[in-house]
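One chain is shown next in structure tokens, namely the form predicted on its own.
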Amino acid sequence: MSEVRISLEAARDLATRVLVRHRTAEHNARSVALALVAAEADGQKGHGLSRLPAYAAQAASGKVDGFAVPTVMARALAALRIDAAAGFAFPALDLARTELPALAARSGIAAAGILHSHHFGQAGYHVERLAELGLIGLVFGNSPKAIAPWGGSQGLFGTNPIAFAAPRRGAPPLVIDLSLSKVARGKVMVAADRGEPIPEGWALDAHGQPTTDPKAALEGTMVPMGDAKGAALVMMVEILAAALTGANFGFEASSFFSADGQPPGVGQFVIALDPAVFSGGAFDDRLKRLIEAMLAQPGVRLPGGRRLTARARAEAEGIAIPEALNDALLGLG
């Protein structure tokens, strides 16, 4: 498949331009563009520019309000409730990141629940930015139905990603980012777009049978990581991201990909912790000790190493995207 290599800044400008031309305010478009291109640079292409045509179509149809302004609906000593206002998730998560550090500085811990939201992309992107401010971050997000409850056959929960980030002295933050399906559904989308098969064990078709056909997988359900234990974690995230925030459950949410229907209305839940408060100032040294003990074993690597390698290359050389996607985005922008 032919690819085109473009710089990160050119990719951000292109993504911003596409969204602005599809009924999105420039500040919202830029927020989305930064997140999509960051995912692309990190090698997380399922959350990268491949999402942009669907985003643009939804903004154009009004399924996503490109002019939405997220607001703090309610505020407590260490908690926020944020309304994404049926807009893109990224501006609402930007608001949470802006507000949470001051709350965590006072109490040691702070949290934000977000409702009326949308696809929030690479989950680690949001908590890494908290870790860059010296905080430990966790984020939980639900998504449209894609996983059946264990023992069932119909999709009820989303793939419900979670992410964790911790600051490291003299090093990039440690970021752990994972979908609770065996693989992120976005990878199946990329395979479908490219006409490539997926490995067996990723997904089931509409009849509950294993499949390597990505299109059949998208009509069926994803397999949870860890089988029954993973399905229980999926439910936990659904409760935190949707029941706790008042957002739509996965089985109530509309598609992130179609421009038809009502806004998805999913939710996210973000926690920020001040490690100095909980550790008495020992956190940096204790985390360093843990990482040293891990890396002392041959063959061990830290989570996120490949992401940092891909990011460094992208910063130096730009990102490579399929020529067909590049042509489509140029046509939209």
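In this text, residue numbers run from 1 along the sequence as written. Think of the rigid core as the biggest set of C-alphas that the two forms share within 1.5 Å after superposition. This one's a predicted model, so the numbers in the text were calculated from it and none came from an experiment.
Absent from the display: the form predicted together with a further copy of the same chain. The rest refers to it.
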| item | value |
| --- | --- |
| Segment that reaches a further copy of the same chain in the predicted bound form - one of 87 to 95, 104 to 112, 188 to 196, 117 to 125, heavy atoms within 4.5 Å | 104 to 112 |
| Heavy atom of Ser279 within 4.5 Å of a further copy of the same chain in the predicted bound form | yes |
| Proximity of Phe251 to a further copy of the same chain in the predicted bound form, heavy atoms at 4.5 Å | yes |
| Contact label in the predicted bound form: Tyr55 to a further copy of the same chain, heavy atom within 4.5 Å | no |
| Interface membership of Val69, a further copy of the same chain in the predicted bound form, 4.5 Å heavy atom rule | no |
| a further copy of the same chain: the contacting residue among Ala60, Ala41, Leu34, Leu273 in the predicted bound form [heavy atom, 4.5 Å] | Leu273 |
| 4.5 Å heavy atom contact with a further copy of the same chain in the predicted bound form for all of Gly201, Pro263 and Asn326 | no |
| Any residue of 201 to 230 that, in the predicted bound form, places a heavy atom within 4.5 Å of a further copy of the same chain | Met225, Gly226, Lys229, Gly230 |
| Core-aligned C-alpha movement of Asp260 between the shown form and the other one reaching 2 Å | no |
| Rigid core superposed: Ala206 CA moves 2 Å or more between the shown form and the other one | yes |
